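Quick heads-up: it's one chain on its own, the form predicted alone, in structure tokens.
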């Protein structure tokens, strides 16, 4: 019988690595569903893999969720702190006959797997120790053998549930690989470390989870877990299995595809708003008229599983880049500056002691915001703001095209005429236009020649942001004049 009442969902990441984009997308869907139904979004750290779980990965997961705006309710549950509850559940299953101790050694199990492979059979446990007699058990104990604990899965069992994404689901017990291990090998008078399928069931029940929302790669686990719920006398949650995130070849997204962790996306200059927006679109279709660009709160108002696709969601870098560019283009200069400042500080550009092209005592807030207004419309990621701002903090070399322009007819004469008329201090746009007009009139060249040559002098290139805005930013510190003199 499924849980009823208030919605309580959970994210249960394993701290054996950084926050993966797939786990983050699962977090988004859980968060959206909880918010849509006025429920709770809970967090459980599944750290029972002692060798691979590390505190720094837990910190990375928590930081990533916070950065994305996925606030959770209450304190995170730490799975390793609940091991006694897990062992108690295993003891209950042993007592009820739903579980038993298996004394098969690893060498014996490997021989079984090798034989199955040679016969082209799928790997499965052959349930060899399911019905040991008391004498057989005593013989194994006398040998000093350790035992795992296995849960009985009858081949004739039929497991079904209604999946919010996939509809009616049914699995045969014969397809689940034989009796499953629910506790690792240990002396036969003890219960070894409990394993994933068992602890997930116990913890979800203890947390009163109403809906288990996770990737489709857990479907077989769900069939096994339903049997555990029933054997333990626990109420079933509702299940929803979301599509996997695929690469452009249609295979599961992996490290071979490049960036896969949320912290890597952040380091590459993607914003939390764009990444959260994009992850929502990975498998979910917004209602007609909503469009593909939105905030999480807007998606939460309409999110449900009837619009979640069964097919895998292909990761589209072009769409993510477009969403990110739109977020950056909408930022006002002050907010864009706040986002770019950490990157510029890391380059050593904002230290007043080091001076800089925007001001000998360090650029002021107004100059920096003007720079953000200038480069903002062309940014795709925040890291683009490093290269595009570089010519304003560090005098660029004169590139080949710029040197070629300086050698063109009338170029140096026009630039010299401009320099002779260029005073100190800031300029307005009208004043700058007037100076350009006077310079080209004095030497008899077209204005375009001077504009192109001035760009070469100021930026070391024939490409770049708006020329007048660039000039006006470099003018107050005297940097514009210095760059023109260098070019001449």
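These numbers were taken from a predicted model, which means no experiment stands behind them. Residue numbers count along the first chain shown, from 1.
Missing here is the form predicted together with ligand GLU; even so, the following discussion is about that form.
- Put simply, residue 218 is close to ligand GLU in the predicted bound form: some heavy atom of it is within 4.5 Å.
- Interface residue remark: residue 200 is counted as part of the site for ligand GLU in the predicted bound form, having a heavy atom within 4.5 Å.
- The closest non-hydrogen atom of residue 12 lies within 4.5 Å of ligand GLU in the predicted bound form.
- Within 4.5 Å of some heavy atom of ligand GLU in the predicted bound form lies at least one heavy atom of residue 214.
- Partner proximity in the predicted bound form, defined as non-hydrogen atoms within 4.5 angstroms of ligand GLU, places exactly one of 93 to 101, 298 to 306, 192 to 200, 385 to 393 at the interface: 192 to 200.
- Taking a 4.5 Å heavy atom cutoff to ligand GLU in the predicted bound form, the one contacting residue in 21 to 58 is 46.
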